[in-house]
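Quick heads-up: it's one chain on its own, the form predicted alone, in structure tokens.
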């Protein structure tokens, strides 16, 4: 009986030990499966985030490429107009003006070509391009118009970034079409105001007005069309016509003449 009892006790101990081993094995399997599930979930999350990030990068590259293409389209348009003006000077046998005009054109082109490779440039550099371009046009038109540039005090021109060559097409239209008929005391006003994280831009002239200009020239400027496309990408809007407001001042007040063109761009600070 003692022997049988001893055998039974040993069997019970073996069974208990086997049960403990089985429980430990099950527990290890449980934690192994749980760990694998957690790793799978983490891998899925990382893959999802990486895939989304790559999609955003590709989208950003696509936008940047589109912006570069639009800027590259603007450069030949601008160069054509400038060379045509130089050609007129040469035909008039005005060697001194042609030389000065060509020198200023070279300086301006250097700034434009440097900026065309970038999506954003400093506000200060954009202002240089604007002033060079206006002075270039003043030389061409024998100072038949004046200009003023107003910048709100809360814009730090050195540390604010803007897309290059957005304002120039509208300045060109104001000078070429608004001041086409030798307006007396012709004045071009360009305003930059910062409000609600946007820079609001307005280009105002006291020329003949867009209504009369459109009657004479029925086609839209290529540079203006390209700028509308660029603004729709920058502002992420589908309806590009709503991005630019054009007001003929005579439609508001019969005693006034000229046109105001206004649009906004996001305020971006350089850190």
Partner chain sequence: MIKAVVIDDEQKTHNIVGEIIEKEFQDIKIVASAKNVTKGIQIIQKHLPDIVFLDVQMPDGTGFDLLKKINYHNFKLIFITAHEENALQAIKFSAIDFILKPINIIDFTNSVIEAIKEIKQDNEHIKIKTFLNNIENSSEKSRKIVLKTTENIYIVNIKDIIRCESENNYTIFFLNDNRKILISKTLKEYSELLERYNFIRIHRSHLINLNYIERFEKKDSGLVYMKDKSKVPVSFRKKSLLLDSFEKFLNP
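Remember, predicted model here, so these are calculated numbers, not experimental data. Residue numbers count along the first chain shown, from 1.
Beyond what is shown, the protein has a form predicted in complex with its partner chain; the following relates to that form.
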Has each of 110, 156 and 159 got a heavy atom lying within 4.5 angstroms of its partner chain in the predicted complex?
-> yes
Work out which of 103, 185, 87, 182 lies within 4.5 Å of its partner chain in the predicted complex, going by heavy atoms.
-> 103
Of these, 168-176, 133-141, 110-118, 187-195, which stretch puts a heavy atom within 4.5 angstroms of its partner chain in the predicted complex?
-> 110-118
Its partner chain contact in the predicted complex: residue 92, any heavy atom under 4.5 Å | no
Residue 99 within 4.5 Å of its partner chain in the predicted complex, heavy atoms | yes
Contacts from 115-129 to its partner chain in the predicted complex (any heavy atom within 4.5 Å), listed N to C, are 117, 122, 125
